[in-house]
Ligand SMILES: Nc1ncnc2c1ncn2[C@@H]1O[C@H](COP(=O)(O)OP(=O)(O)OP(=O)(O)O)[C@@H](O)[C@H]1O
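Take a look at this single chain in structure tokens; it is the form predicted on its own.
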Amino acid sequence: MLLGVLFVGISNYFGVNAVPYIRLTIDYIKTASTQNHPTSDSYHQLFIYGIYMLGYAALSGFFLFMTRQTIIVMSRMIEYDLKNEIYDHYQKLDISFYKRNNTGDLMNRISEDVSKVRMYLGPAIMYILNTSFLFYFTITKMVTVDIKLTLFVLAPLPLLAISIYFVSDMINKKSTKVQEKLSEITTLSQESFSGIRVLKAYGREKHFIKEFEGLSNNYKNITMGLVKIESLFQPFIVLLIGFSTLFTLYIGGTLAIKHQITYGNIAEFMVYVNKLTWPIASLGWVTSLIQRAAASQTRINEFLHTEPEIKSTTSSIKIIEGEIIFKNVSFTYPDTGIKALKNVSFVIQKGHSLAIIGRTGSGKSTIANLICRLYEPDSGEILIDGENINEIPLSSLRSQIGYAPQDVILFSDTITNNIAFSIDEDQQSKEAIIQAAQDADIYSNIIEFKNQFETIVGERGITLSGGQKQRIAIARAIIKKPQIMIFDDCLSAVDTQTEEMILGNLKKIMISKTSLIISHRISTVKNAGNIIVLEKGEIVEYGNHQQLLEKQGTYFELYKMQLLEEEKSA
């Protein structure tokens, strides 16, 4: 940046210092034209003046090139850093942040808004510096020729400064609205493409097209309002510059007739005014860039200044053995106000397993989220190995948990990379990936694909069935060999036979591991040593399968209902 400032100054110094040779050339031609027989020295002198002008122009052009190689490159490097900083900050923010903000808006701030900031840091700053140096060098030269003529030439500038002040505020407000509308368009596009299967299944293409056209029309109208301001501002600046040219011709001609300045001085002033034309004319464009960047940076800062609600109090590495204790834990989802858990207490001994069953909305998945520290409990305490979960670094906690969620997310990548997603590259091996696929009972499906493990699953795993996605998620969870394993209703999309096979494989894997199995199906939890029954966020029953059946409570009702459903389907 500092080199860029230096190069801008040098470039303008050489550019402005070439202009006096135009005056010298014209005045010399006027003098030489009075001679009846011009000598060879006359032509030689003109040649010398031409060489000087060419040399100054070449030096000015070289340093202008160096200006772009420093300031523009600097802006690209800052763009790179800023995008990485935003993306890194996004990773630190918790789940509640993502529930409050849509994906399209997040994407727009890291792409379009950063691009607007780069345009300020690069072209806008470069032109501001260029205009500043050019004004200084040019006006200094003009004053040495004639102060009176200089003042007339610069007379329109105060009016220009006032107009820029008022127009800037209008552009800023319009720019903010433009970026907001662009975020809405990005959000709708992202959601419609991600949910294209549902969109087509319900035949809602025309509805989404109409909605997209509506948003695009709003964006167009606001953008056209901004363009109108800019398009009126630019000719107004050129008009003011035209007055400067007019003053140069009239006042300069009057002074030349009075022999107070030479005709060469008029030509010199015309070149000076011409040199100032583009920098002044670009002020409108630069003003627009600055205001757009200000609006975009405000939007970027809004998220960059958002602090994660869940933080690590220490960065030390801690090895987890696996004992989990819930002490009177209560939790309410902040965005909806739904009370998911009420005074829940239980213990999972190290190396043992616990199953949780309950109807939809009973709070089962909330327990999994709290163990992974995706949320903080409102009251109560969660202990891991006797230590409060808040005292365990997030990276250590989550790296030692294998989590297969109910809502499976696969990335648009190969099956190999989706299974190996949870482990580092140096731990990945073909044998481990195959073994994890076999344990999750997905291996036989994978080898039937044309590209087998190198099959691209598509965005969110759209090319796979629900059961296949769940089994890949299970393979992803077990390949990292974690100390704590959480299976959150991840067998809901597979048939009973496949479920039995997977549970049999998992039973061998879960030896000496602390395991939490969450489900709404009796068949998934019946072989667990201990089972918790949740109802409206509270533990209503506790025991093994046989003990819970003998109580003939909520668990027994679920068992009878599911047994009846199986008989009907059979």
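The first residue of the shown sequence is 1; numbering continues from there. Keep in mind the model is a prediction, meaning the values are calculated, not measured.
The following text describes the form predicted in complex with this ligand, which does not appear among the structures shown.
Next item on the list: Name the stretch: of 414-422, 267-275, 328-336, 242-250, exactly one has residues whose heavy atoms fall within 4.5 Å of this ligand in the model of the complex.
Entry: Correct option: 328-336.
Notebook entry, point to check: Only one of T360, T144, N221, Q427 has a non-hydrogen atom within 4.5 angstroms of this ligand in the model of the complex; which is it?
Noted result: Exactly one residue meets the criterion: T360.
Notebook entry, point to check: With this ligand left out of view, which of K480, K181, K364, R299 would have a heavy atom within 4.5 Å of it in the model of the complex?
Noted result: Selected residue: K364.
Item checked: Close approach of H520 to this ligand in the model of the complex, 4.5 Å, heavy atom -> The answer is yes: H520 has a heavy atom within 4.5 Å of this ligand.
Notebook entry, point to check: Would Q406 count as a contact of this ligand in the model of the complex, using a 4.5 angstroms cut-off between non-hydrogen atoms?
Noted result: Contact with this ligand, yes.
Note to self: Please tell me whether any heavy atom belonging to A340 falls inside 4.5 Å of a heavy atom of this ligand, as the geometry stands in the model of the complex.
What the structure shows: Taking the distances in the model of the complex, the answer for A340 is yes, it comes within 4.5 Å of this ligand.
Check: Is Y443 one of the residues lying within 4.5 Å of this ligand in the model of the complex, judged by heavy atom distances?
Finding: Although this ligand is absent here, Y443 would stay clear of it in the model of the complex, with no heavy atoms inside 4.5 Å.
Item checked: Interface residues of 77-113 toward this ligand, as seen in the model of the complex [heavy atoms, 4.5 Å] -> Contacting residue: only K99.
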